[in-house]
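First, one chain by itself in C-alpha cells, the form predicted on its own.
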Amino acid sequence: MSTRKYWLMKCEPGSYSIDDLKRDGTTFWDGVRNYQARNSMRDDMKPGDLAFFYHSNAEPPGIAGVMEIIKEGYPDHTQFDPNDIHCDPKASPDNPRWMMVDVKFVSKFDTLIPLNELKETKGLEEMVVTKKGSRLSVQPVTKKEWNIVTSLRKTK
C-alpha cells in the first residue's frame, strides 16, 4: 500500500469549475502542457491521492474544493486532435507526449480560499502556490500543508 499523496491542480473556472466537477461527478484532467506537471501526473499521481481544485485566472484565484485521483496517468487524447487547442503535432499515439488523470468530486468548500489568505496563513510559506512566480498547473502539496488548508474551510 503506497502512501497517499496530495496535490493542487489549477483550472480556469470559465473552462471548468468545481461546480462542473460536482455536477459531472468525474472527469479527465486534460490539456496540461508543462513537462513538470506532466511528469507528476505520469509518474507520481495514483488512485486515492487527493487534490485541491484551484480556480486560476479568476478574481480572486483560490482553492474551491477537493477531488480524488481515480485513474493514474494515461495519454491525453487532445494532443492528437488537430481541431483541439491542445493539439501537439509532435505527439503520436505511438509516442504520446502529454498525460492526463481522471478525478472525482469529493467536496466543495463553503467559500473559496483565496490566494491572499493562503499567503497569509502560518505554515504555508513554502507551499508551491504561494511562491512568487508559481505558475505550475499541477503541483505537490505536503501533508502538513493539506491539513492546514483543509482546516481553513468547511465542505459541502
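None of the values given here were measured: they were computed from a predicted structure. The first residue of the sequence shown is number 1, and the count goes up from there.
One more form of this protein should be noted, the form predicted together with the DNA, which is absent from this view; the next part is about it.
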Exercise. Does every residue of G25, K71 and K144 put a non-hydrogen atom within 4.5 angstroms of the DNA in the predicted bound form?
Worked result: no
For this session: Select from the listed residues L124, V66, M45, L115 the one whose heavy atoms reach within 4.5 Å of the DNA in the predicted bound form.
Result: L115
For this session: With the DNA left out of view, choose which of S92, T111, S56, N39 has a non-hydrogen atom within 4.5 angstroms of it in the predicted bound form.
Result: S56
Exercise. If you check in the predicted bound form, is K119 within 4.5 Å of the DNA, heavy atoms only?
Worked result: yes
Problem set entry | Any residue of 97-134 that, in the predicted bound form, places a heavy atom within 4.5 Å of the DNA | R97, L115, K119, K132, G133, S134
